[in-house]
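Shown below, as structure tokens, is a lone chain in the form predicted alone; questions about how it binds or moves come after it.
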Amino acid sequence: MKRLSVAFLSLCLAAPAVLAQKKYDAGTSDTEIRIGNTNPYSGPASAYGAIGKSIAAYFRMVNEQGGINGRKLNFITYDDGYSPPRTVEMVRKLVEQDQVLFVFQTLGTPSNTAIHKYMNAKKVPQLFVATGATKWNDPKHFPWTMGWQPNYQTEGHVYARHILQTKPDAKIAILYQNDDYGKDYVKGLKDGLGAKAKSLIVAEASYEVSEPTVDSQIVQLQSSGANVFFNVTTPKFAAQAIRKAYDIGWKPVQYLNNVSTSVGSVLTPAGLEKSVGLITTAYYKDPTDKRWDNDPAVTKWREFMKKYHPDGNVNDGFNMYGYSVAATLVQVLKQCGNNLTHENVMRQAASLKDFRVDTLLPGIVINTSKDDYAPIEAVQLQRFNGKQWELFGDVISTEK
């Protein structure tokens, strides 16, 4: 009996050591965490390449400061050119050859759709994808995939609500990218308009990412007599649409989807004077907004840009986006501690409670759970004045 008690005591004393043991999946060690990414550094959506570059810069800063729990972040990022077949090729390489712990911020709805089933079959996290499609919040069927930004359908609801409040006699024309990304936004707007959608929407036109311009679509939409224009386009085509509408004298109230609001990458190429009056949503602080000139978080971001990403455009909101999502990932990895397994990465990503990234707008926090894979569920409307975006109204919850 005494011998049994001693053995039991020894087991109890050993338990904390057992619990504290390090757990690693592929892509991790005592010194490293390998993170995979694909980004369109070239091709029709190359403006988004700024995101990948700002994330890489953020991780360089983290590594210089000692890494995460003593481990350096090894960010392996490939150019997929916004081509889904290329994304599949690159992600397979990341998972099977580079053996990353997870992929992070893979960009684009079509691209992420192409790897969605593969990542879940492999049970490797597809974390904080750079797309707001509604499908990423489906932990029951796709437990290894999680979004980050507000979803497109609820953003469409916000625009619909504003149109109904401010222009009840609207005649709405829609330009959208002909894929899941564009269709998600259109569905959101129509759902938000409800029974009035059929009478208020007078024209729709789509485009393929392989098309050189959307000029003909803008002329077509103008001919409908629409006085409201919902511009659902990626940066290159957003700039073209804004410029063409202005040049042909079409002056509707314009709603621009959030994914193309960068002053540096979209509105400047379109023409700042041609972008006056555009309405969109925001959830992080825009670096061109003068209200943030003395904001501690934006000041810190500018210092980061100067030191770690000097070639980056400080007027490009995509650099603020990349910084903010990278900060979110760092929090997840800190919470992981020494348990760096696929399962624990997803567990910690789904355990963010009122987490605040200081570059997000005041009042916006990040919350996730095992049943809720939508980290950011609030936005605020803003309007472009020819120099900068100006926020207006209250923060609006997009949570269903």
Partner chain sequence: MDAFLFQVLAGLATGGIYASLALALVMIYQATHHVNFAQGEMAMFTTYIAWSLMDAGLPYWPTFLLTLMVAFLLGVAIERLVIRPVEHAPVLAVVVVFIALLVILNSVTGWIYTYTLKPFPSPFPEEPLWGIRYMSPHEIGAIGITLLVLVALYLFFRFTPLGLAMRAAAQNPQSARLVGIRVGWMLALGWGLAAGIGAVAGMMVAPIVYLDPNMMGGVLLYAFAAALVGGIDNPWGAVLGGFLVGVLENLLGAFVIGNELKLSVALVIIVGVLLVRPSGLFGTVHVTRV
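For clarity, every value in this text was computed on a predicted model and none was experimentally measured. Positions refer to the first chain, counted from 1. Under this definition, the rigid core comprises the largest set of C-alpha atoms superposing within 1.5 Å between the forms.
This next part talks about the form predicted together with its partner chain, which is not shown.
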task: Answer yes if any heavy atom of P269 is within 4.5 Å of a heavy atom of its partner chain in the predicted complex; otherwise answer no.
output: yes
- prompt: Going by a heavy atom distance of 4.5 Å, is T213 a contact of its partner chain in the predicted complex?
  reply: yes
4.5 angstroms heavy atom contact with its partner chain in the predicted complex for Y246: yes
query: Does G192 reach its partner chain in the predicted complex if we count a contact as any heavy atom within 4.5 Å?
result: no
message: Counting heavy atoms only and using a 4.5 Å cut-off, do A205, E208 and K236 all touch its partner chain in the predicted complex?
response: yes
- prompt: Just one of Q99, T134, N120, N178 has a heavy atom within 4.5 Å of its partner chain in the predicted complex. Which one?
  reply: N178
field: Proximity to its partner chain in the predicted complex, single hit among T288, N74, Q222, N258 (heavy atom within 4.5 Å)
entry: Q222
message: Taking 4.5 angstroms as the heavy atom distance cut-off, pick the stretch from 193-201, 321-329, 228-236, 294-302 that is near its partner chain in the predicted complex.
response: 228-236
message: If I superpose the two forms on their rigid core, does the C-alpha of N74 end up displaced by 2 Å or more between the shown form and the other one?
response: no
message: At a 2 Å cut-off on C-alpha positions, does G271 qualify as shifted between the shown form and the other one after fitting the rigid core?
response: yes
- prompt: P139: CA shift of at least 2 Å between the shown form and the other one after core fit?
  reply: no
